[in-house]
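One chain comes next, on its own, written out as structure tokens in the form predicted on its own.
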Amino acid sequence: MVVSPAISPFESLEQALKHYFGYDSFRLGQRQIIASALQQRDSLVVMPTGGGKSLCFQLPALLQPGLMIVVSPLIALMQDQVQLLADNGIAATFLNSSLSGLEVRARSQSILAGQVKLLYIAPERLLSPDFLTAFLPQVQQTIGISAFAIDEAHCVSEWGHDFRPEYRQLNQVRQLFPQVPVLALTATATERVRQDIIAQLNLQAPNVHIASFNRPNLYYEVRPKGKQAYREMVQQIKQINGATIVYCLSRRRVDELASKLQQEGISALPYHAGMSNKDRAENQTRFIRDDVQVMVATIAFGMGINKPDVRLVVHYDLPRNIEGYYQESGRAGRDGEPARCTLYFGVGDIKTIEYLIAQKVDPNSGEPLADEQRIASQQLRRVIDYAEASECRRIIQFGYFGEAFAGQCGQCDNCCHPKPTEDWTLEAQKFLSCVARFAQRGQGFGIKYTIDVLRGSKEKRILANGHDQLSTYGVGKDRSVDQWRTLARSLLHQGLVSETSDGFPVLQLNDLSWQVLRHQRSVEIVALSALQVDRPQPPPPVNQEHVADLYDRLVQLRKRLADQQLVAPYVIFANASLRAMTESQPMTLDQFAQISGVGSRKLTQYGDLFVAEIYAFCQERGLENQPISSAPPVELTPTPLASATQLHTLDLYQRGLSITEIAGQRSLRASSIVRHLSDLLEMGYEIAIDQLVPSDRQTLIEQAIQAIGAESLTKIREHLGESFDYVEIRLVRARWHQQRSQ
């Protein structure tokens, strides 16, 4: 597809991709989704974590007139996305509760002036009357709205694992702006959830893209949660030597494990809802910036971060459902590099989750929420089945989302350590025949009831239903309840029988079931004798590949730059980009621009620094790879180092705090905070001041400086008039000085 010149100056989508994001080609499915968005179509995109969902709405936003409004449920997620976009030179901002009234007004003015292409906003703010019915119509009339992107769209559905009532109200957006396209995006959604999203958001003939849920770089395993579980986990963390997330069910367990790991000499921090917002934010920031190795957390952690280089995710306690487990474990290896996902399974966790399910009550009446409890109990049973299964882990995971998988992935414990199998076709036919007899009578039952009929139970309900008269009644007496349960679970995992997901787990025959009944398909299950033996120990965790000394040098340079800018290292460059630099050793900016992940903005920001580092390394080692140009790269003046107190102020400002809030938190005068920011600007630190000084006022201040000079703040203010304050003038003057020095 060629991008219309009326829309953008790029001849192709690939050219635009390289310019803005530094990548030479799209990931699977991205191009088609983006092309559909540019055709103003509604879309539903289901793409696993790390698959590149964000690009599917970010690039269309840059290639179309108007403002893209991105609905996001988490403040941390907004800020992280905006920071990444800003580092690529893309005009993006967010509106949330962390901003002062002055900052909201300044950002709103920038939006109306057409200076912003992507606006991240929480659903509550979007749906507030002053925004939805007052500000948005003004935006539509002034600059236009290119689309609404609903991120984490599974939150719309009560059948999703993270249902949020406020997401249900987003259909008001479609009612008020029926002509504006809506893009719904999520990493996980069953067929039922997908249909619910389409209905709730009123998507019109949407382009539906469902990517494969397979993440081939992830190794899945389940380990018994015995006395040695903690020691095994410590060994894993030490061997992996990379960023690790450990998930726990309770706050107390989080605090205990974090403390124990610290005593082991492992840099670990806790994260849970019982901590203050300040402590949680600080711990998350330290983890993202590679200051600590391990984050021990409840499931509240991880939704709002884009850290791509997590090498290990451990579920020390049993997750509550398959969908949540897939998302949480999927925070490993988002960069496509090998990563490990370990689940420790102990029966004690089952009681804990059952207790939590029992706490699901109506906040008004105190009565149990029977439907929610029933669905949660069924989801828990599926997790237990997953933990106890002997089939390929991916068969079970993908089957939950409706994706068929042949098995033998080679990247899970059951595939790497297979057990002997037995032919249970005859027993499977008996089991499926029993289900068929129920269906002939217009009835449906679950696994337990079916097994009771097969084993000839005299239970009252069976006799009352007349099921003791069925031909399948009692034909399975020769097998134990556990044996039949193992078979039933295997039939479900292999897709040879289906089960409803509405909380009433009723068995249903499908096409594969009839193939078994017609002797067209055999059924193999793991030998029951093999289930009684101890599970073989899995191979040691995959260690990161040994990297060259040059790679280490580039990692250190990246970390220095990240610390100076108070951002995560991956915001500068991904690990894959550093490896590409190590392999190709670019000696000129033209060569550096060819590296994947180097767009126009990053080339300008970091090209000279990294090329100089690579050149110096090659010179020191006497390597033959010399620069094409006869002159070495220019020597760069290092950025002045800021003081600790200035960096502390910058950190709080970049988290979205206002000057007043920073001053209050640090017990300093507001003027001191302004001085910190202005000094940092003059040092060369990139600080967005649009939220403090509207763009039109910046222009007037710059014109005053040009007219009378920058020496005296007082004279500049006298020239401008009393409607201007010293805060605005000081900040704009500092940026003016910084730009003049470049």
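Counting begins at 1, following the sequence as shown. In this text, all values refer to a predicted model and were calculated from it rather than measured experimentally.
Heads up, the form predicted together with ligand ADP isn't pictured, but that's what we're talking about next.
- Not one of Phe573, Ala593 and Gly599 comes within 4.5 Å of ligand ADP in the predicted complex, counting any heavy atom.
- Heavy atoms within 4.5 Å of ligand ADP in the predicted complex belong, among the stretches 673-681, 64-72, 690-698, 25-33, to residues of 25-33.
- Contact annotation: of the candidates His493, Arg334, Lys225, His315, the single residue with a non-hydrogen atom within 4.5 angstroms of ligand ADP in the predicted complex is Arg334.
- The listed set Pro505, Gly399, Gly346, Pro308 contains one residue whose heavy atoms approach ligand ADP in the predicted complex to within 4.5 Å, identified as Pro308.
- In the predicted complex, ligand ADP lies farther than 4.5 Å from every heavy atom of Ala710.
- The shortest heavy atom separation between Ile705 and ligand ADP in the predicted complex exceeds 4.5 Å.
- Residues of 190-205 are not found to place any heavy atom within 4.5 Å of ligand ADP in the predicted complex.
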